[in-house]
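The chain below stands alone and is given as C-alpha cells, in the form predicted on its own.
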C-alpha cells in the first residue's frame, strides 16, 4: 500500500525499534493515532461520515456515504432480507501510485474486505428489517467509500467511517397495505413516506464491528502502522471484532509472507483486547460528532479546516 522508499538505514531503524517496543513517533506497539470523525457530511445521502486517522495533512482520510434504494425481488435472491453493497475507490490525489489504474487492485481488495465485514449476518445489521415485502421488494444499502488521503492504516479508518455512516443512516418509513384485487385475492403494496421528520435508524447498526490491522515488522507486530512502517511491513492481517468481542472476519493482505502460527494466535488474542478499547473510543468520538452542531449539519466542504 505504501509507495514510500526508505534507505537501508531507515528500514533497520524502524525494524529494530519495533522489535524493542519503540516506534519512531513515540507510540507503543499497540497504540493508535488520534482519530477525528464527522457525520452527515453529504446532504443527498441517507447517512455519511468522514474519518481521519492522524493529523491534517499527515493522516489517512476517508469519506463514506450511504444511499438506500428500493429493489424489486428477483428469483434466486434471498426472499426475506435486504442487502448491503460496498464500493471503495482511492482518489488519484491520495497517493502518487493511485494515478491512472494504479489503485485498481487496492480498490478491489478494500471492496472485498468491506463487503466481507458488512455484507452478511456477521455484520450485526438486521438484514431482515430491510425487507419490505417478502419476494417482492427490499432495501439495498449502497456503501460508497472514497479514500482522500493515505498515510497508513487505511483499512481501520475505512471501517471506522463506514460504521459511523451506517449508525447515522436514516431510512424513510414504509407503509405496507393489503389490497384485494378484482378476484378477491389479497395483494401487498407499499408506499415510501417522503418526510424527513419520519425516518428510522438501521436496526443492529450498534452491533457493527471495528477492524484492527496488524502489521508484522521484523519479529514483532504493530497496529495502526504509519506510512514509514508500512514501507517495511512483511505481512499484514485485518481482524474485524464486534462489540460483543466476536471475531467477524479475518483477511490477510496481499503480501509475500505469512504469519507464524504462534504469532497469529497472539495477534487474535490481542485483537479482542484492542477492539474492546476501540469500541469504547468509537462510542465517545461518535457521540461527540453527533452532538456537535457543526458536525450535525450536512456539508459538502472538501477539507477538515475549522472545527475539524
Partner chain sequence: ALSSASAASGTAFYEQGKIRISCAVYGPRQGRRSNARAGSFDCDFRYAPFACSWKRRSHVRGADEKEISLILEHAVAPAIRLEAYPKACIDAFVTVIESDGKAATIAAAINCISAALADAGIEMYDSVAACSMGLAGARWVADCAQPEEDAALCSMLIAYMPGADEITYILQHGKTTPEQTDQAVQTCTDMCARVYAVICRYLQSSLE
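Positions refer to the first chain, counted from 1. Please read these numbers as outputs of a predicted model, since none were measured by experiment.
From this point on, the text means the form predicted in complex with its partner chain, which you will not see here.
Task: Among 101-109, 88-96, 164-172, 131-139, the region lying within 4.5 Å of its partner chain in the predicted bound form by heavy atom distance - done: Residues of 101-109 come within 4.5 Å of the partner.
- [ ] Let me know the one among 275, 249, 66, 37 whose heavy atoms come within 4.5 Å of its partner chain in the predicted bound form, would you?
- [x] Partner contact (heavy atom, 4.5 Å) among the options: 249.
Open item on the list: Please determine whether residue 81 contacts its partner chain in the predicted bound form, using a 4.5 Å cut-off between heavy atoms.
Closed with: No, residue 81 is distant from the partner.
TODO: State yes or no: in the predicted bound form, is some non-hydrogen atom of residue 45 no more than 4.5 angstroms from a non-hydrogen atom of its partner chain?
DONE: No, residue 45 stays farther than 4.5 Å from its partner chain in the predicted bound form.
Open item on the list: I'd like to know whether residue 30 contacts its partner chain in the predicted bound form, with contact meaning heavy atoms within 4.5 angstroms.
Closed with: Residue 30: no contact with its partner chain in the predicted bound form.
Open item on the list: Although the partner isn't part of this model, could you tell me whether residue 228 comes within 4.5 Å of its partner chain in the predicted bound form, counting any heavy atom of the residue?
Closed with: Heavy-atom contact with its partner chain at 4.5 Å: absent for residue 228.
TODO: Could you list which residues of 257-288 come within 4.5 Å of its partner chain in the predicted bound form, counting heavy atoms only?
DONE: Residues within 4.5 Å: 257, 258, 259, 260, 261, 264, 265, 268, 269, 272.
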